[in-house]
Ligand SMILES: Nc1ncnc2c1ncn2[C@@H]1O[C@H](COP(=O)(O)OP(=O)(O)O)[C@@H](O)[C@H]1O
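The data below hold one chain only, encoded as structure tokens and taken in the form predicted alone.
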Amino acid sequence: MGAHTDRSMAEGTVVLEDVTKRYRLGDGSWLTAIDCPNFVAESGSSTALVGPSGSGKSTLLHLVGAIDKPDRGRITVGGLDLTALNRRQLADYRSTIGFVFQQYHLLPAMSALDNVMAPLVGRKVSYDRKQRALELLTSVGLADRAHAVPSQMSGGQQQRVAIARALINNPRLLLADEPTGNLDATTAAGIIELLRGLQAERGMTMIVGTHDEAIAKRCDTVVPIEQGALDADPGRRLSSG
């Protein structure tokens, strides 16, 4: 399975076909969180899902990240059909992607360096994990904060650590759920520029969920989403300048 996953992820195109996800509410009725006839994020591209809170952005990212399963439809990433995988295979797939959340989810008692290495605990890797973590902290501008704990860092610095952590496995796909939601405008602009720079440098496919159109305009393609429905237009190209 490992070799299959690596080969499949060599091309990071994400495709959703006739995907729906519903949740039962307390009164017995159903809420449609995602109704997606068609969605494509091309390999190596950056796509912004734009919509207000509750529009379905997080649900879609969770489906692509195999954190949740669709009720119907097919999701493929680099040709790998997520809906056909068993639990162990899904865990293997999740280890090949990066996820950045609005909440940083750093372990408070651990240094920035240890937080970046945390996803590797219990896993065998062929590289020096400490060296890679230090390289990633350098790439996000935090080489001098490697031994600081989260309480000693600003929100922007903590999110940079979270980004470095998401890249520790050298993912081909990066999913970011409101990555600037807890940051001021200036810091948010710096974070999205960092994400775009790393995405382009590493050739990753990136999908960002955001309510901020200024952030979305830094991506290649913008896809509006509202009440679980994606715009029928596959996305509009925007200048990244």
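So that there is no doubt, residue numbering starts at 1 and follows the sequence shown. What you see is a predicted model; the values in this text were computed from it and never measured.
As for the form predicted in complex with the ligand, it is not shown, yet the points below apply to it.
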Task: Interface membership of Gly56, the ligand in the predicted complex, 4.5 Å heavy atom rule - done: yes
TODO: Examine Leu31 and determine whether its closest non-hydrogen atom to the ligand in the predicted complex is within 4.5 angstroms.
DONE: yes
TODO: Could you confirm whether Pro52 comes within 4.5 Å of the ligand in the predicted complex, counting heavy atoms only?
DONE: yes
Open item on the list: Only one of 182-190, 35-43, 57-65, 168-176 has heavy atoms within 4.5 Å of the ligand in the predicted complex; I'd like to know which.
Closed with: 57-65
